[in-house]
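Single chain ahead, by itself, as structure tokens, in the form predicted alone.
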């Protein structure tokens, strides 16, 4: 590939009075995987959007090759060989993969007729060359998350991109899918492409990045080759310090659990069949004891999402028993379950937040309304203040719109609301899906600490996460889901390879 060098020359981007990026300098070169890291709200995504023409700089210049990107538009950027893969998929669910691939770049024959054969031939050639195989005739909503991510990359390559900029590409991928993605990105870089990746996963930086740029509060604070142990290169501990502007957070200490701890959460024979007749949950049995943290691992699409929704009461077709303590929740409404079961669903934007509402309103969402007879009146202001302070939500302004906060602070709102409303002790359980997906090191540490505090207070905790390292760090035990059922229980000392084999149904080597 004849890929361009992209230079950001003292670029600044303002949104009203807020400066998202301030006089930032960065160079993205062919043949490298360049990681851009930093806390939530540090300006990483904005920097990438400036490089891709999605946003125009308020000051400074973006140069592609030797010339400024002008006009600063995605169309001009792709004409110059620069394409961006956004964090949230930009696909039409009802279209086929091929239709999404060529949307806006359709080849035509005489009289303006669509040339599907030409599009298919070109798409398949790119897929064969890069290894990004996707079933072109499949409807996009039926594709796995990994396939949709590959489709997004194919889209920019189809349009002629030689520089590929990816915003949080592994946030929704399993570890195996993430490894496959980076294998592809490495092959593209080795072929001369310019690759830049915004990520919060520092293990990815350590394993795959050639160069790293660290941003903090809109400024580039560090830009060097990464961890190949040579002079002038940055190492892992230095990277965390640069991101946080100080010492890394203390390691998570898994709370002790009594051997004779009572069972708090009991799931018995939980089953679910969807409208199409497909069984999503197959007689799931699981018990979680007082103060215990149980991690659930599995390749995405193996029933984890349906399990969380069924426990929350959002799947009316679910059968089986769900109990917390001596309280049977099976026939209770979503609202009635909240008194003893706190649930965080996996997509905070779609199912956890009202982004157009204030931070304060989001923090007490579901807590207002009728109270049980004899219960004290709900103190809304006190709850908002307590939850903001306890979970260190920034900016500490309850009147701010939730959609204006960084992803990490949005996630803190969702976690705070779920955990703070639960009574402590053996009468409560929490089920947290992807609790730190797309959040930075500091926010992840704060969320992990809150999970540890909840367990230490006696709450039974279930965590569903695609991050196996997170599960191994937090959980007292890890259970693996495959095809809608729990197939194995493992110690947190199990290696990621052992857990991965269980997820795939492979025998131990």
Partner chain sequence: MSATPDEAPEPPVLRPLLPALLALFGIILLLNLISFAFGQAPLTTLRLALAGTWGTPYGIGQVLFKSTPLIFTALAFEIALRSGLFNIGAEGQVALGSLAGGVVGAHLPAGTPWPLAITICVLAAALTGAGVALIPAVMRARLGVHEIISTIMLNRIVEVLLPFLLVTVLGAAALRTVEVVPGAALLKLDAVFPALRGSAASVAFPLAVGLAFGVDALLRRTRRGREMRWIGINAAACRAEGIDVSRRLVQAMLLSGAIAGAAMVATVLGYKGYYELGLGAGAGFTGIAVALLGRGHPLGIVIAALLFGTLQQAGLAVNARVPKEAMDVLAAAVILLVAVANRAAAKPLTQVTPVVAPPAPASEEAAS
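Residue numbers count along the first chain shown, from 1. Bear in mind that the values here come from a model prediction, so they are computed numbers and not experimental data.
Same protein, other form: the form predicted in complex with the partner chain, not shown, and the subject of what follows.
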Next item on the list: Verify the contact flag for residue 113: yes if a non-hydrogen atom of it lies within 4.5 Å of a non-hydrogen atom of the partner chain in the predicted complex, no if not.
Entry: no
Next item on the list: Considering only heavy atoms, tell me if residue 465 and the partner chain come within 4.5 Å of each other in the predicted complex.
Entry: no
Next item on the list: Could you confirm whether residue 350 comes within 4.5 Å of the partner chain in the predicted complex, counting heavy atoms only?
Entry: yes
Check: Is the gap between residue 27 and the partner chain in the predicted complex 4.5 Å or less for some heavy atom pair?
Finding: no
Next item on the list: Could you tell me which stretch in 352-360, 423-431, 203-211, 170-178 has residues with non-hydrogen atoms within 4.5 Å of the partner chain in the predicted complex?
Entry: 352-360
Check: Which of 473, 477, 483, 61 has a heavy atom within 4.5 Å of the partner chain in the predicted complex?
Finding: 61
Item checked: in the predicted complex, the residue from 331, 335, 129, 109 that sits within 4.5 Å of the partner chain by heavy atoms -> 335
Notebook entry, point to check: Considering only 442-475, what residues come within 4.5 Å of the partner chain in the predicted complex, judged by heavy atoms?
Noted result: none
